[in-house]
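Presented as structure tokens, the chain that follows is alone, the form predicted alone.
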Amino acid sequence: MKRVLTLAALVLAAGFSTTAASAQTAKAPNPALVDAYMKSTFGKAPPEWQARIEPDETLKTCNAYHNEVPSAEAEKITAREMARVVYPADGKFLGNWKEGAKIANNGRGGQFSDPPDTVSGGNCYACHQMEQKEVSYGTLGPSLTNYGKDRKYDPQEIKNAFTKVYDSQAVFACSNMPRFGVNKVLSEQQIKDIVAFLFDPESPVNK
């Protein structure tokens, strides 16, 4: 009986080893196949919707390297994306933190079913912890609690946050964070409000 159990253990171990090896050697999907599938999925969508699935130069580079770009390519991406950032003409980066809290909690916008006048939200809690009393949040991104306090409400850090929300790839090449400003998901004022939510001393993020 002992011999049977030992043999079974060896078979199971071999099976797990083979599975692990297969997972490690699995090939990435063919980009052309993925593009063809995406286009077929959106085939009946209006032209303006179909244009959304066309990757720009930055996304093509990130896809080609599976988001692990060499430093030289990363520098090209951040330089190119930084040139796309449009800062407020009035030089002010802080809006209304109370409005920012609403935007951070709003996941609406950008769907086929949305009326034309739908105002998009940032859906920030899908990836980040923000104010500590909120118990439902994602962990794909870092926690943002005490964000402004930890940075001593420094003006340069406030500008940096505006840049990150406007175009995340201007800061980190191949970032998973949406480019809210470049892709016109959020308006300049909405981005200001989110930055205020992060940096206003009265914001619950900093309490």
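Predicted model only: the values in this text are computed from it and were never measured. Numbers for residues come from their place in the sequence shown, where the first is 1.
Note that the form predicted together with a small molecule isn't included here; everything after this is about it.
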Pick from 30, 40, 67, 176: which residue has any heavy atom within 4.5 angstroms of the small molecule in the predicted bound form? 176
Consider residue 55 of the chain shown here, and say whether it contacts the small molecule in the predicted bound form, taking contact as heavy atoms within 4.5 Å. no
Indicate whether residue 34 is a 4.5 Å heavy atom neighbour of the small molecule in the predicted bound form. no
Can you work out whether residue 101 and the small molecule are in contact in the predicted bound form, taking contact to mean some heavy atom pair no more than 4.5 Å apart? no
Looking at the partner-bound form in the predicted bound form, is residue 85 within 4.5 Å of the small molecule by any heavy atom? no
